[in-house]
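Next comes just one chain, in structure tokens: the form predicted alone.
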Amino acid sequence: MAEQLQTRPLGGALGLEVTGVDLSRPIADEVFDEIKENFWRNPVLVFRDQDLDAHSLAALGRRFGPLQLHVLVDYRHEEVPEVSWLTNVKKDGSVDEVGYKRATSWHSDGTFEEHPPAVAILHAKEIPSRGGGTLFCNMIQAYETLPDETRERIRGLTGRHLYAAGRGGNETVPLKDYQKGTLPEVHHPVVRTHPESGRKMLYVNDIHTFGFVELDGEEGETLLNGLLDHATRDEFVYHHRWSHGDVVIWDERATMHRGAGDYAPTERRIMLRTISFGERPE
């Protein structure tokens, strides 16, 4: 029953621990409605001591909307392609010793696509003995705390997005042959309105946003850097330190995230992930 759910804040800006539900089992509509109500108020939910396989993770993701295939085919789960592996363990069982550096720049997944995802779910299957956390920042609070003149300046601006093209874009990972010609530049409003909460939020990130349609050169670069530096201030950030079995659900539209990159390169880290489409923000 819905009254079994309990919540506990984990951070000042975002991060809410939810207990009283087994995510691997079918969730009653009234319980899921309560989960979503908490989610629209706090865009990072944490569930401890869970045990989901790829099928149950996909079923959970579908409660938020249709699932998205990972842009990199090699990461897709063999049985459930809508679920992907987030891991530093190679297919031969060895550890990729540069894997800990991946996705350590602030980003929101898939903003290089015309219809970016809405909700991501990550489930910890194997974690390092120390470190390996994920940081999240609240892009609603970031927008609401901007100076009035900055909010006025960015009103109506359009961000330019491209795969691995922003200031944190990783040029050492070239496009696969099957990706070439399939990821053109796309444009999204810099200020968007969240479809469920109705609150305005910043929609730029370190990896995929590289400028503005309306501004050229140094002016656009300076503005973008200022927005990103503001959004990632400590008061807007929650640092999640993983435990085995954690499930973290976050709103891709209202947050940015990054890996902490703080664990030993030789240690294994294995996660399952699924990403859902949802209603597009305005």
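For every residue, the number given is its place in the sequence shown, counted from 1. A quick note: this is a predicted structure, and the numbers were derived from the prediction, not measured.
Only in words, not in the display: the form predicted in complex with a small molecule, which the text now covers.
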| remark: Assert contact_stretch over 104-112, 139-147, 154-162, 191-199 against the small molecule in the model of the complex, heavy atom within 4.5 Å, equals 104-112
| Within 4.5 Å of the small molecule in the model of the complex, all of Leu86, Gly259 and Arg273 (non-hydrogen atom) | yes
| query | Is Arg268 one of the residues lying within 4.5 Å of the small molecule in the model of the complex, judged by heavy atom distances? | reply | no
| task | Indicate whether Gly133 is a 4.5 Å heavy atom neighbour of the small molecule in the model of the complex. | result | yes
